[in-house]
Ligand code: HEC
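Presented below, as structure tokens, is a lone chain in the form predicted on its own.
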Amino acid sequence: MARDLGELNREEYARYKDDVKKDGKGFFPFAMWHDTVMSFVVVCLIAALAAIWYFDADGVEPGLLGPWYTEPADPGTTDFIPRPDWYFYFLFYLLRIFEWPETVFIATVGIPTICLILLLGLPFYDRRRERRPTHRPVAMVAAVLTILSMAVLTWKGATAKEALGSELLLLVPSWAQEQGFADDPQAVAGAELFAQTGCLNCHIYLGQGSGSLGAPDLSEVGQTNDTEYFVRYLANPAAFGNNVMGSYSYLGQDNLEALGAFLEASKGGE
């Protein structure tokens, strides 16, 4: 009569305990001692690197491991492209593939969660005793594909190019021509401000921009509102229920009116 799985597992566990008593070493104190020693080595290495960094550098003057700090950040810059740490480049590039708002959930929650669940469930659905790589073609192919996918996405995320404000300025004449405000100096000035102040980091305009955080396409925004409305909105978006977008009142009234004129002139193109 065939024995049930529970009995086989109990016999296997009993053999394992016998092997440990005869030839192996128990978790306590042997494995715990090894882990303790290795943890101490890692802590000492981190402390040594921190000491080298602190004593070898002098303020902004870099040492062997870099400076204490760099120059203060300029919050008004238009040439800085924010990027995540390198180990998030793969997720950074996934967000460029699955654009907001329809599919961003897949990139931020769906794919990482599915991969994590598959990894956590590995001991439960792969219970074979065979562990030699040459005898596990499915597992090896999955591992290789995972490594290649992560490597490619990380490389693509590290080399992805973004349009700087100075580069977007080159698009202003084509915007003015397509939207029909080339003869309006105030709207042209507003378009230049729009290109330089990072608006396209969230919005889309005539096919340019990222469309992140649910920000709307502004190519036809001028069909529904006028300059006065846009000036008030840019000065205090929170008053209109937008708690994501920051205030642009620091630009001053003249610049806000220029931006308002540009947005009013944006009616979708000819």
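Quick note: we count residues from 1 along the sequence shown, nothing fancier. Quick caveat, the model's predicted, so the values are computed rather than measured.
Below, we turn to the form predicted together with the named molecule, even though it does not appear here.
Engineer: Sort through V43, V244, A239, L64 and report the residue having a heavy atom within 4.5 Å of the named molecule in the predicted complex.
Structural biologist: None of the other options qualify; the answer is V244.
Engineer: Since exactly one of A57, A235, I204, V221 fits, which has a heavy atom within 4.5 Å of the named molecule in the predicted complex?
Structural biologist: It is V221 that has a heavy atom within 4.5 Å of the partner.
Engineer: Is it the case that F181, V188 and A265 all touch the named molecule in the predicted complex, with a non-hydrogen atom of each within 4.5 angstroms?
Structural biologist: Answer is no for this spot.
Engineer: Given that the partner is absent here, state which listed stretch (151 to 159, 86 to 94, 124 to 132, 193 to 201) has heavy atoms within 4.5 Å of the named molecule in the predicted complex.
Structural biologist: Selected range: 193 to 201.
Engineer: Does at least one non-hydrogen atom of P29 fall within 4.5 angstroms of the named molecule in the predicted complex?
Structural biologist: Judged by the heavy-atom cut-off of 4.5 Å, P29 is well away from the named molecule in the predicted complex.
Engineer: Is there a non-hydrogen atom of W68 within 4.5 angstroms of a non-hydrogen atom of the named molecule in the predicted complex?
Structural biologist: Result no; W68 lies far from the named molecule in the predicted complex.
Engineer: Under a 4.5 Å heavy atom criterion, is Y229 part of the interface with the named molecule in the predicted complex?
Structural biologist: Yes, Y229 lies within 4.5 Å of the named molecule in the predicted complex.
Engineer: My question is simply whether A258 lines the interface with the named molecule in the predicted complex - judged by any non-hydrogen atom within 4.5 Å.
Structural biologist: Heavy-atom contact with the named molecule at 4.5 Å: absent for A258.
Engineer: Any residue of 125 to 140 with a heavy atom within 4.5 Å of the named molecule in the predicted complex counts; write them all down in order.
Structural biologist: None of them.
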